[in-house]
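One chain follows as C-alpha cells, the form predicted on its own.
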Amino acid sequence: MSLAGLRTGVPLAPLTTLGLGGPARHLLLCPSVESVAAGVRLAGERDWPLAVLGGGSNVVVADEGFPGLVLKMEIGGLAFRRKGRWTLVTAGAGESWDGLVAACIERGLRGLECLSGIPGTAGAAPIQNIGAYGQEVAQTLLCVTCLDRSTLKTVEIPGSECGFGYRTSRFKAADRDRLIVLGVTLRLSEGAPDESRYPELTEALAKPIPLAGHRSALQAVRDAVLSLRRSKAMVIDPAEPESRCAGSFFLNPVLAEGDFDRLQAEHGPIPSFPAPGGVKVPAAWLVEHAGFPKGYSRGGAGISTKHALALVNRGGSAADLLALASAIQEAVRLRFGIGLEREPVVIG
C-alpha cells in the first residue's frame, strides 16, 4: 500500500522550477510517513541511490537524470493550536511554504511575513534555514520531525539542536544522508511586524501601514515583500520566463573584518552588511563586478535581467547552467579571491 505511488522513468524537469534535467529511474509519491519509510526500505533492499524532492525550487537535476529512487514529498496537513501566549503551527513537509505564511498572517501571527513568496515546501524550510529581509525560519522553529534512515523511526529535533547557520542546518550538512524531514512545528505569537532594517523593504513600506490592527500591518509587509520579489522574478510565475530559475544561485560570502578591509583597500567601496563572524558581502555585487551583468547569456543559460544571482534556463541544459555557474565562480575567485558557494542542490 505504501508503495502504491511507485513509478518508473519519470521526467524530473517538470517537477522543478528550472525545468531542466533527465528522468528518475524510479519515483515514489510520498503522501504519508509510512510511504517515506517504505521508500527508504526499498532503496536499501535494492541498493538504489536515494534522493528527496519537495517543491523542486532549490535543485538542479543533471541531464542524465537520477539513477536511483526519488521520494517526492507530499505529506500534507496544516494545524494551529494555542499554548499560552503562543500559537504552535504544525505543517507536513509537503505543504506549500508560502501557503503556510499566508495562513499565519490571516490569523494575525507574526514572524514569517518577510518570508512571503519563497517557493518550495515547509519541509525544505529548515534544511536551508530559509531567510529574507531580516527573518530566518530558525527564529520561530520549535522542532522538526524527521525519519531516521538508519532505524526507520521518527524523531523530533528541537530547533536549538538543528545546527542552524546562514542558509544551512544539520539536515543539509552532517545529517543530510540520515534524516529526512517529515514536518515542522513553528512557535508564533500575535502582534505587529518588527520595523524593517532593510532599506529596500523600508522604502517599499514608505506609504502608511494600515492602522486597523496588526493583521493588516502584517499583510502590508507581505504585500511589499511579494512586490519586491516579483520585481526580481523571484515569485514563480509560468508567465514570467525569468522565474525559470532556482532562486539565488550563490550564497553571500561572510568575510573576516580584516579580509574585508583588505578587499576594500584594493577594490574601493564595496557594499556590506554586519553578520555573525564578520562582514557579509552581496554575492550579486561580486558577480556583476566580475564581468557577469544582469541579462548575460551563454549557451542555453543566462543571468536574469532582474536579479544578478538568479541563473535562468534559456532553453538549454543543466550542463549549460552548471558551466555558467562554474565560470562565474572562477571569475569571482580570480578578481576578488573569494570562493562563492552554490545554494541549490544537484541531483544526479
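Because the structure is a prediction, the values reported are computed rather than measured. We number the residues from 1 along the sequence you see.
FYI, the form predicted in complex with a small molecule isn't displayed, but the following is about it.
Visitor: I'd like to know whether residue 341 contacts the small molecule in the model of the complex, with contact meaning heavy atoms within 4.5 angstroms.
Guide: Close contact is absent here: in the model of the complex, residue 341 is far from the small molecule, nothing within 4.5 Å, heavy atoms only.
Visitor: Is residue 35 close to the small molecule in the model of the complex, meaning a heavy atom pair under 4.5 Å apart or at it?
Guide: Because no heavy atom of residue 35 falls inside 4.5 Å of the small molecule in the model of the complex, the answer is no.
Visitor: Taking 4.5 angstroms as the cut-off for heavy atoms, does residue 167 touch the small molecule in the model of the complex?
Guide: Output for residue 167 is yes: heavy atoms within 4.5 Å of the small molecule.
Visitor: Can you work out whether residue 246 and the small molecule are in contact in the model of the complex, taking contact to mean some heavy atom pair no more than 4.5 Å apart?
Guide: Residue-level check for residue 246: yes, a contact with the small molecule.
Visitor: Where does the small molecule sit in the model of the complex: which of 260-268, 104-112, 123-131, 198-206, heavy atoms within 4.5 Å?
Guide: Stretch 123-131 is the one.
Visitor: Judged by heavy atoms and a 4.5 Å cut-off, are 17, 53 and 236 together in contact with the small molecule in the model of the complex?
Guide: Each of the three qualifies.
Visitor: Between 57, 317, 297, 305, only one gets a heavy atom within 4.5 angstroms of the small molecule in the model of the complex; which residue is that?
Guide: Flagged contact: 57.
Visitor: Given that the small molecule is left out here, which of 118, 143, 100, 217 has a heavy atom within 4.5 Å of it in the model of the complex?
Guide: Filtering the options by heavy-atom distance leaves 118.
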